[in-house]
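The data below hold one chain only, encoded as structure tokens and taken in the form predicted on its own.
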């Protein structure tokens, strides 16, 4: 078996239930290799959002072991899980979750302003330079001074991607990031996401209902196939 150190994510006998209700996730084994691009799919209600919450450390497992980037999340205090997520994980939300009263530039740079360890990975430690470089690659330089609520959906998506990618996070989680954009923009966005992750050596966990995208990834995982609750 490949050593855990060569895995970005390892689930071992993981179970999860919300405070009220029955078990919603039961996964004996799930792994993501270092630098691997994994496509995760499944119908609504199959547990995708719950699994992402466990990987990000937002939800604590009811039972079993969740190990992310060499740390067993169950052994960490909530503040330590928050710091681990902020420093090492870039999260691209389906609805982007941008902060409307901040500018595009401020939204992109926010993870590095909040976490010194993530800022330390920037070339020269300059947030402004890193924001400018990502903005250029994502073709949003003219938007840097605007408020994000003035942008189109496609523009907001690229801002959210830049925020997730800044500071070279070791793991990038993308939750249905292309569901609200057209095919041409979707394809260009995925190529940009791939190139940025490859440059940083980041692992990528990409969730989507669009099975036509799965062939672009290193591996495709059906959540109903590994979640014993929905099997």
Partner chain sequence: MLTPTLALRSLANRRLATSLTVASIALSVALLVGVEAVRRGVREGFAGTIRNTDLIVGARGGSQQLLLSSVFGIGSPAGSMTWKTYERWSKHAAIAWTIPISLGDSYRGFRLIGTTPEFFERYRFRDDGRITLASGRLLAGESDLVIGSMVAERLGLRLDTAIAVTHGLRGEGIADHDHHLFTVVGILAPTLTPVDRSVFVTLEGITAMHEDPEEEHEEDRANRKDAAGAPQAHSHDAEQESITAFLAGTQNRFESLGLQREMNTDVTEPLTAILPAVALTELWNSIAYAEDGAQIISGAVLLVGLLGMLVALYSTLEERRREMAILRSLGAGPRRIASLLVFESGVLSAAGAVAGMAAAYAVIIAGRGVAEQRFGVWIQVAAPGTLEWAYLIGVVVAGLLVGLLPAWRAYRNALADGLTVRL
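Positions refer to the first chain, counted from 1. Source: prediction; values computed, not measured.
Beyond what is shown, the protein has a form predicted together with the partner chain; the following relates to that form.
- Although the partner is absent from the chain shown here, none of 138, 195 and 206 has a heavy atom within 4.5 Å of the partner chain in the predicted complex.
- The stretch in contact with the partner chain in the predicted complex, judged by heavy atoms within 4.5 Å, is 54-62, chosen from 54-62, 24-32, 185-193, 39-47.
- Heavy atoms of residue 120 never reach within 4.5 Å of the partner chain in the predicted complex, leaving it off the interface.
- The shortest heavy atom separation between residue 100 and the partner chain in the predicted complex is within 4.5 Å.
- Contact check for residue 95: a non-hydrogen atom falls within 4.5 Å of the partner chain in the predicted complex.
- A residue is said to contact a partner when one of its heavy atoms sits within 4.5 Å of a partner heavy atom; residue 110 meets this definition for the partner chain in the predicted complex.
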